[in-house]
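We begin with a single chain expressed as structure tokens, specifically the form predicted on its own.
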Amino acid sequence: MPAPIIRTRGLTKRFGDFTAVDDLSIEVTPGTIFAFLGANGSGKSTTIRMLIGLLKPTAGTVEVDGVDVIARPRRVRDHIGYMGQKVSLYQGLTLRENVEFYAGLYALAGKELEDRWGALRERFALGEAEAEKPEDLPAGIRQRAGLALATLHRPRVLFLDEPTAGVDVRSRGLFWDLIQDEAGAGVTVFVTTHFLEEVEYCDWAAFIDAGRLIANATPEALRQRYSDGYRVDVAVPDAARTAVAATLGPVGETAATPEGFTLRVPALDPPVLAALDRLVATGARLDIRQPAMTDVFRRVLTERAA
């Protein structure tokens, strides 16, 4: 198991009598997409600002890519890329001029810059936008441009604070394709989002509420712990229902429906998948519905309040 590339211990931030982040301890595995979730005011953005060295914690420790962020906040910025809720593109400058400005911050110039930007321009489909000013670009293109600039210097860790806010569904899907490409290339992505369905793109999910960590696991583990499980609707002719149901074995709870029966299972583990294969072999039609992450989050909050 590789050492965590992001690690916090007892991370706390107080503003006077108000505690924005309270005793937060998390670990992020290199090359994964880590979703950091919570309602407005829960402490997400404050946490990111501490992780990237923009805000000094009141207590605790934070390490990113081997750098003690509290002791050396400037050094960590060479290791990371960051994209906030509002894309940091300077108005009045063209996209290309923004590229040159950001490149200067990381001493990128000449052929190295042309090669790097050329690859990003093609990959993010920004060629036609290069001569445009950010204020004249649609939101989806601005988001892609912001992500491209955040990765210009090839950071090992990418922090994205609600990167898909304000863009249409199609652009959100494309944006997540690009994020997954980054993770596939070995970049660690730490992302906050209001869209809980986007957790499906992530390897790990942590929920924060009122500054405290309340859940921290893989999306599948969270579904098992905080939902009623997967529902499988099985459509099968009346005459075959008993025989088809008998092929299942002891994998879950069944209930009759007008079309056949439903099956409730806590997870799609190998025994369940084998049972579903047997159902398909009988000619049954299956409709599998996984627990929505919004319902999972609601259950997490309910159990915390109990």
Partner chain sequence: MSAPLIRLRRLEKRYGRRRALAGIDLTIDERQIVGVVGPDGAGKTTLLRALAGLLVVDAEEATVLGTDLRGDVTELKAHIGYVPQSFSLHRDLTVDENLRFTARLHRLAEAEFVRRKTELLARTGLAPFADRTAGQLSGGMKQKLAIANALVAAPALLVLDEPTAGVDVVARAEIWTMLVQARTDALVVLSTSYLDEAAACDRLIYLEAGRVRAAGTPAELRAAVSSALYRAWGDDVRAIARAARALPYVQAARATGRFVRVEVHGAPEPARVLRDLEALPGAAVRLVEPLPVDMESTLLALSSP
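Keep in mind that this is a model prediction, so the values were computed, not measured. Residue numbers count along the first chain shown, from 1.
Only in words, not in the display: the form predicted together with its partner chain, which the text now covers.
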Query raised in the report: So which stretch, 107-115, 125-133, 75-83, 195-203, is the one near its partner chain in the model of the complex (non-hydrogen atoms, 4.5 Å)?
Result: 195-203
Requested in this report: Check whether Leu248 has any heavy atom within 4.5 Å of a heavy atom of its partner chain in the model of the complex, and answer yes or no.
Outcome: no
Requested in this report: Report whether the minimum heavy atom distance between Arg144 and its partner chain in the model of the complex is within 4.5 Å.
Outcome: no
Query raised in the report: Closest heavy atom of Thr294 to its partner chain in the model of the complex, within 4.5 Å or not?
Result: yes
Query raised in the report: With the cut-off set at 4.5 Å between non-hydrogen atoms, does Ile33 touch its partner chain in the model of the complex?
Result: yes
Query - in the model of the complex, the residue from Ala217, Ala139, Ala210, Ala235 that sits within 4.5 Å of its partner chain by heavy atoms - result: Ala139
Query raised in the report: Only one of Leu54, Ala59, Ala255, Leu273 has a non-hydrogen atom within 4.5 angstroms of its partner chain in the model of the complex; which is it?
Result: Leu273
Query raised in the report: Can you tell me which residues in 166-193 come within 4.5 angstroms of its partner chain in the model of the complex, by heavy atoms?
Result: Gly166, Asp168, Val169, Arg170, Arg172, Gly173, Leu174, Trp176, Asp177, Gln180, Asp181, Ala183
